[in-house]
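One chain follows as structure tokens, the form predicted alone.
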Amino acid sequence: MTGPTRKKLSGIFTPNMVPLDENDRINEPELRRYTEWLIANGISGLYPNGSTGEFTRFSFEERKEIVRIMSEQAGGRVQILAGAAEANVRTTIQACEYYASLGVDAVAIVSPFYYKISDESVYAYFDEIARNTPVDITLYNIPQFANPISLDCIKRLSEHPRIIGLKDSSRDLPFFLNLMNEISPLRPDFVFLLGCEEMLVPSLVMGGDGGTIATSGIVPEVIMRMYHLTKQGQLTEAVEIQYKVLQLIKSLIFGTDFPEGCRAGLEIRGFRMGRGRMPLSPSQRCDRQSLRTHLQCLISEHGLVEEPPGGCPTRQPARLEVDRVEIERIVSSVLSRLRQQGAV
């Protein structure tokens, strides 16, 4: 079965943050400047209203405005996967209709959140949207924050021509690989995007189409080089970059309350992000300055910014080597499990 999508989604989609002005409103000129910078640095696509974009902290009208601004600025130069996660079916379909009028390539819809529901109810939710949407859908699986979308449910939903793919942020590589193994023979055009940058290179090697990668919004040059090297089969250098960005990922995503690390990283890259809509405690504000210095050191390793005043601590390659050995052990364990399951 082949869906009606104009062009298969592939590559790195940036889940961008949204700069705010001093009045806590969307800073449109800065958002346009940021969008232009991402495109100039080679990202494959834009992903407004993702988790990194703090979509739950904006109103429905603001979410529509974010997609409008970025779609206008992009002008068709890159693909756009718009987050269309709303609290109910009716509003989600309204979002789909509006984003379709803007010409986005597809929307990403998260499974129902807050209330725990059955697998059958998850299917019914997406089934209702798929039968009424004018734009293609990618399922957004993020069980940390919403009801999980099971493999069986995804297989059933893949029968809908309008459901063209999956964005998986479960951080479960065997699950992701089993999805590809079971769904690709039934739906060769189905798109598999990963939402966890730590596993990007392994997922691409195994046949993934790309990812929605938060760090691509701060160091697009590095992430796109890693992506292209992997697709070209230059795995030695791609793997080296994957290891190098692990510490950056850890600091940006897990170094403080998410996504404050990304906000700090963007300020280092020269963007006026303003205050976030989640107030920071005094201790968080102190930690944020320390994080900013740490991030500037990490980003400077890639030659993208200068070191902070006073320089950076001496590198500790022995510690990095220990981390690398541990990661290789985990990868070997995962591959062993997959062989036992017949997935590879």
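Residue numbers run from 1 along the displayed sequence. A quick note: this is a predicted structure, and the numbers were derived from the prediction, not measured.
Here the subject shifts to the form predicted in complex with another copy of the chain, a form of this protein not shown in this document.
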Checklist entry - If you check 130, 153, 100, 142 against another copy of the chain in the predicted complex, which one has a heavy atom within 4.5 Å? => result 142
Item to check | in the predicted complex, the residue from 78, 199, 157, 268 that sits within 4.5 Å of another copy of the chain by heavy atoms | outcome: 199
Checklist entry - Within 4.5 Å of another copy of the chain in the predicted complex: all of 51, 62 and 279, by heavy atom? => result yes
Checklist entry - Of these, 213 to 221, 231 to 239, 157 to 165, 69 to 77, which stretch puts a heavy atom within 4.5 angstroms of another copy of the chain in the predicted complex? => result 231 to 239
Next on the checklist: Since only the chain is shown here, I'm wondering whether residue 189 would be in contact with another copy of the chain in the predicted complex (any heavy atom pair within 4.5 Å).
Outcome noted: no
Item to check | Residue contact check: residue 262 to another copy of the chain in the predicted complex, 4.5 Å heavy atom | outcome: no
Item to check | Residue contact check: residue 177 to another copy of the chain in the predicted complex, 4.5 Å heavy atom | outcome: yes
Item to check | Exercise: residue 272 in contact with another copy of the chain in the predicted complex, heavy atom 4.5 Å | outcome: no
Next on the checklist: Only counting heavy atoms and a 4.5 Å limit, does any residue of 101 to 136 reach another copy of the chain in the predicted complex, and if so which ones?
Outcome noted: 110, 112, 113, 114, 115, 116, 117, 118, 120, 121, 124, 125, 128
